[in-house]
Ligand code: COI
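Next up: a single chain in structure tokens, the form predicted alone.
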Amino acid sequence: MEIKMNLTKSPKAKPDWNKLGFGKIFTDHMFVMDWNSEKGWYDARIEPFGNLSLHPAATVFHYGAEIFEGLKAYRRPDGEVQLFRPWENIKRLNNSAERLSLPQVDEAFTLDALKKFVALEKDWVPSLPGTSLYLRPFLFGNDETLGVHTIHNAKFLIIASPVGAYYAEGLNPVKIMIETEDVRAVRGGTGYTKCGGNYAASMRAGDRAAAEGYSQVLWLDGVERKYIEEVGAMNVMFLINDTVVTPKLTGSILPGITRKSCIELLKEMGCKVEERLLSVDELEKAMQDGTLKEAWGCGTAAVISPIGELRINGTSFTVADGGIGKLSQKLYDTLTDIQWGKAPDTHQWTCKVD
């Protein structure tokens, strides 16, 4: 399928790269493609960034038929731009689409469209340390009817935003509170997908945590309420004694691409890694007896987010003396050096944008 180009006649002024924040500024263009159950995907185009016009009965508004992804484009030291494992994001997008009965995209075409889009917006990729161009592909149903039925019309877009640190704290340790009332997902549900409903349902717990001075919540499983699952916007890992323990993927946890990369890098570093069920009781005991050495969240937006304080059952525990653990720091440095092209990519994880 050909990608039509309709370029803006009024390019925006570039922002102050020192004051980006996260997801507040958007580039000049967006990629758009439509789908119909009879025609399939059609009318792929790059056009000026702008508002969408949708029917008030569009399926996405009433039944949450929406999925999304998040990845970044990085400015290398030589000035070139590269993506980090974009094929993994596209594959996960299709897994999410299958779960929500949305149309899947052609993976090769979508990767090509993503690269062409980033190439066009290349000047929006910042070069200051810790900055990048955040990419948000998303797909939603837009049938113009209130009936609950199979999706017949959908739309796929990619938008982009130059970003700094996800958390205001940057790489400084964040405070996390274990959530004991609400649950994020259950096996058989949509926990392994990136759909808007998962995040909307997490807001109440996040608001409660914020009111008490915590950055995120740490979710427990939705059945027994005893096993650690993930942080609000990230997967999570714990260094207990000399072993990195991370919750195994049971169907209710997002299979993070940063999580996957961390596990591979940790094993290469000679670290013992266990993907298994981790009960809140085991974690609390490790905090009490001092065998919990480090804890961190990992995800595309924040990359590595060290946890400096963890609250459980009303008691707060300091992790790694409230600082950044040696392993957390090493993992962050190793991963970001690959992402920003400062270290050789021996894994074939990156691809340059022409």
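Since we're looking at a predicted model, the values are computed, not measured. Position 1 is the first residue in the sequence shown; the rest follow in order.
There is also a form predicted together with the ligand; it is not shown, and the following applies to it.
Chemist: In the model of the complex, which of the listed residues (Ala301, Ile312, Ala44, Ile324) lies with a heavy atom within 4.5 Å of the ligand?
Modeler: It is Ala301 that has a heavy atom within 4.5 Å of the partner.
Chemist: Answer with one of Trp87, Tyr199, Phe138, Phe109: the residue that has a non-hydrogen atom within 4.5 Å of the ligand in the model of the complex.
Modeler: Only one option qualifies, and that one is Tyr199.
Chemist: Contact with the ligand in the model of the complex for Gly64, defined as at least one heavy atom pair within 4.5 Å: yes or no?
Modeler: So Gly64 does not count as contacting the ligand.
Chemist: At 4.5 Å between heavy atoms, is Phe26 in contact with the ligand in the model of the complex?
Modeler: No, no contact at 4.5 Å.
Chemist: Is Val244 part of the interface with the ligand in the model of the complex - any heavy atom within 4.5 Å?
Modeler: The answer is no: Val244 has no heavy atom within 4.5 Å of the ligand.
Chemist: At the 4.5 Å heavy atom threshold, is Phe317 in contact with the ligand in the model of the complex?
Modeler: No, Phe317 sits far enough from the ligand in the model of the complex that none of its heavy atoms falls within 4.5 Å.
Chemist: Only one of 207-215, 220-228, 191-199, 156-164 gets a heavy atom within 4.5 Å of the ligand in the model of the complex; which is it?
Modeler: Stretch 191-199 is the one.
Chemist: Sequence order please: the residues of 1-30 with a heavy atom within 4.5 Å of the ligand in the model of the complex.
Modeler: If the 4.5 Å heavy-atom criterion is applied to the ligand in the model of the complex, 1-30 yields only Phe22.
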